[in-house]
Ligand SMILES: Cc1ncc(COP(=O)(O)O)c(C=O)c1O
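Okay, so here's just one chain, in structure tokens, the form predicted on its own.
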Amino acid sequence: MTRTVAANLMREDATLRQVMQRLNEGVFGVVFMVDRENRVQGMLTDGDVRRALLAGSQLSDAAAPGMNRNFVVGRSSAPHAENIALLSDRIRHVPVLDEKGRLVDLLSWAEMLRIPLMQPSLGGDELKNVSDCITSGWISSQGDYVRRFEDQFAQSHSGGHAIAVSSGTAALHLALKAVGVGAGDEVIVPDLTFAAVANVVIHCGAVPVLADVDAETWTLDVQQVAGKISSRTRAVIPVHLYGHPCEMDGLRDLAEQHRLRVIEDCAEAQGALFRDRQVGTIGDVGCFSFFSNKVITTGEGGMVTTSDPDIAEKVRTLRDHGMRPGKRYWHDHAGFNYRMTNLQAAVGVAQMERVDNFLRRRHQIGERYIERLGNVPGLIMPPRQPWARTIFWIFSMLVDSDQAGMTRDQLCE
């Protein structure tokens, strides 16, 4: 029995909590319950566990009553193509059993026919926390989970200020407004990044100025930035692309020389390090995203980090319609409704409890890709500078068509 298949097996006396923990470890979304002879008796997915909990079961209860006993199986005596043909949009897992009903192989739609960019892992206390919000009635932006999530995030990022917001884009917009970027100003952004970075500059009435990226890191080239600075430049936004940090020392020196604000876009890089410093703590402001494909998720959501109390106060005010803290319905600024809900923060609190595991798993996957692909002619591995710890948000490669004997698009196909 392969190691992967063995990981999908659990005894019939396992609890729902144990099944959730196993599913969270990465077993293609399914666990099979077996008897003492290792004969498969039923299967459980995330959906089966959730249905059991919603029906009144506790995490400490046995998982077996909630398992699915009626499912499609393949046979070890059948041709492989015949077993593969059992997979479909509706049937995502096909266990292959021997004549005694023991699992010998697992055919998975996700493994064999589709490799997702990211699948949110919601096997911790997410459901419990959200249920707590619903039971208590605190589902909007007022609630204890927002404060708890901000405190967790602040403590994990050098103990500065952390302000929860509605999205990573909102975080960038608030950061620019809080440092005073406005009409007629210029903000230097990388030419290789998502459109939101330039969009928020435009929403401030400012002009995004594109600077090229460095070939070794795929992030802002300091010399290129230096050549783009003008009398109207007010800020620079280094994007830690695909989880690899920018070269921040040079950017900070340049910013100090020209009195520019540095706003780090850490949407894809939570947990990445630049010379042992966490991204989001190096510039004036850090901006994070919690979209469903990020390191941790709240569905939609974001966070602003800063060590500057004045910037933090301005961000908090602007995210809440510009309302003065301590004086309700008194608006000093034309602010925004960029608040995070208590429901989203409840998910975030549970996610932060497992963020180290998420990062460890990304590192394992990245190392495995490099081990298997690093010596393939024509494939150029993603950046891994000695002064950085990348988190492999996604594993991107460059293709040298001549050496690889095919183009990038042909390789994708």
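Position 1 is the first residue in the sequence shown; the rest follow in order. Note that this is a predicted model, so its numbers are computed, not measured.
Unshown form predicted in complex with the ligand; subsequent notes refer to it.
Though the ligand is absent from this view, in the predicted bound form it lies within 4.5 Å of a heavy atom of just one residue from 291, 71, 336, 138, which is 291.
Checking 169, 233, 108, 129 for any heavy atom within 4.5 Å of the ligand in the predicted bound form turns up a single hit: 169. The ligand is not drawn, but in the predicted bound form it has no heavy atom within 4.5 Å of residue 278. Not displayed here, the ligand is kept clear of residue 201 by more than 4.5 Å at the level of heavy atoms in the predicted bound form. At a distance threshold of 4.5 angstroms between non-hydrogen atoms, residue 311 is out of contact with the ligand in the predicted bound form. Looking at residue 220, you'd find every heavy atom of it more than 4.5 angstroms from the ligand in the predicted bound form. Note that among 175 to 183, 90 to 98, 318 to 326, 189 to 197, the stretch whose heavy atoms approach the ligand to within 4.5 Å in the predicted bound form is 189 to 197.
Of all the residues from 394 to 409, none has a non-hydrogen atom no more than 4.5 Å from the ligand in the predicted bound form.
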